[in-house]
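Okay, so here's just one chain, in structure tokens, the form predicted on its own.
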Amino acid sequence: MDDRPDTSLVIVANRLPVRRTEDDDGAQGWVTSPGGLVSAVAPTMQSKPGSAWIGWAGDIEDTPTAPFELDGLRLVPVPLTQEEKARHYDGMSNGTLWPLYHDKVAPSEFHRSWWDGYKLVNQRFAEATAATAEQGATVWIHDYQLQLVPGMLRELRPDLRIGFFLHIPFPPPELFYQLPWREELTRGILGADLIGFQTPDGAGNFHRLAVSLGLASRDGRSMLDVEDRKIRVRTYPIGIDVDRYDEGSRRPEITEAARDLRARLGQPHRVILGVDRLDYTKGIDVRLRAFGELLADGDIHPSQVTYVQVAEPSRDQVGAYQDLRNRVERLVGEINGDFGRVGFPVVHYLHQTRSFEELLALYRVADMMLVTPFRDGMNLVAKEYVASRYDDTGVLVLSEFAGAAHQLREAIRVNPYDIAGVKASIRHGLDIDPEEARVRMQAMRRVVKRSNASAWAAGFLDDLDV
């Protein structure tokens, strides 16, 4: 008799959807973390009593090892030691795979010890999943940190229905071939029954890779044959919780906060906004250079336009991120030194994480949003900005290398590698006819509402269950 728990749906991700908190009395607890994956998947789990989420709790010390429940979610922690985190997450995931999958914007490093740590942690996740899922359950595995888990899990539990979704871009085979462990990683992903990507480019790249390595044969445009199994490879662009941003931005206190923020910025004619993790893939330094050159050229006047850049701290211990922070802060200082006035800097730079309410106020005050990554799987900030513009105002300047560009076609598209093009796009956005801007924003809002987070999760799980 099968003594596994009654768990018919298992979500497997690098992190659990919770974070540890501590109150004024020092008592510790847990709260649900914000984020696109949590908002997309949690409602589905809560509607299915037999559901569990497997992931790392984010702690090295005092990491819980027993399953627990929070807000209707059954959570199964996977513990990691400091060394395992260093090899698996900091090393292989973010020192090797992250830059490689983002077109090597920064160099990738290849270390056998990182690979060994990656395999060890993936095996632990696979074993935890095998022990949690009931007979014939559906398992949905997420992202680049766990690419070996589908194959490992299939060996342990061939009865399961396994899906895998990659949230970041998947590179062309020519780049992927550089990985010393390219066949093992590809086999790992091929353990899934359904493999999902953000864009047609990612799906096509993986399809070509699997065939070129001789690990699968082609069966139409979206199907692969592996031994006696058929694997579907499809595109599922992730969405956001549209109502949370649309309804939240309409609240009177957010309207008042946005009005107060514009006043504190000096009532500029135009406010330009960037909101990013401080990551070398996001193109923050490029847009700052473009903005500085527009000021130097006299195309925009510092008394009329203010630029606010939120750069959330990210991987501060990594050299490439430290270099980026130094470069960004130097550019901010140069621009303010050349063009700012006493009490009125032309660039407001925040190396901080902002609350949801603060972000809504920023989205509402921004006449233009700059989203210019060199490469991005989707970029949900672009969709959040659109969802917050309930009055159909605002302009979105969007990198053609962001996954969101495949959907938000009415944005002002830009090549972030082209400084002159970035300058021209900013200038275009500042000069655009208000009616044209309104028509563009209305079209983008329709797309964002239609392809929201719930639709994304339901679409993937429906296809996985077929």
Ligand code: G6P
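Note that residue numbering follows the sequence shown and begins at 1. Everything quoted here is computed from the prediction, not taken from an experiment.
The following text describes the form predicted together with the ligand, which does not appear among the structures shown.
Scanning R234, R375, R315, R74 against the ligand in the predicted bound form with a 4.5 Å heavy atom cut-off leaves one residue, R315.
I168 is the sole member of V271, I168, L261, L100 with a non-hydrogen atom within 4.5 Å of the ligand in the predicted bound form. Although the partner is absent from the chain shown here, R15, N94 and D143 each have a heavy atom within 4.5 Å of the ligand in the predicted bound form. Comment: 143 to 151 is the region of 143 to 151, 212 to 220, 179 to 187, 291 to 299 lying near the ligand in the predicted bound form, near meaning a non-hydrogen atom within 4.5 Å. Under a 4.5 angstroms non-hydrogen atom cutoff, the ligand in the predicted bound form has Y89 among its neighbouring residues.
The shortest heavy atom separation between R277 and the ligand in the predicted bound form is within 4.5 Å.
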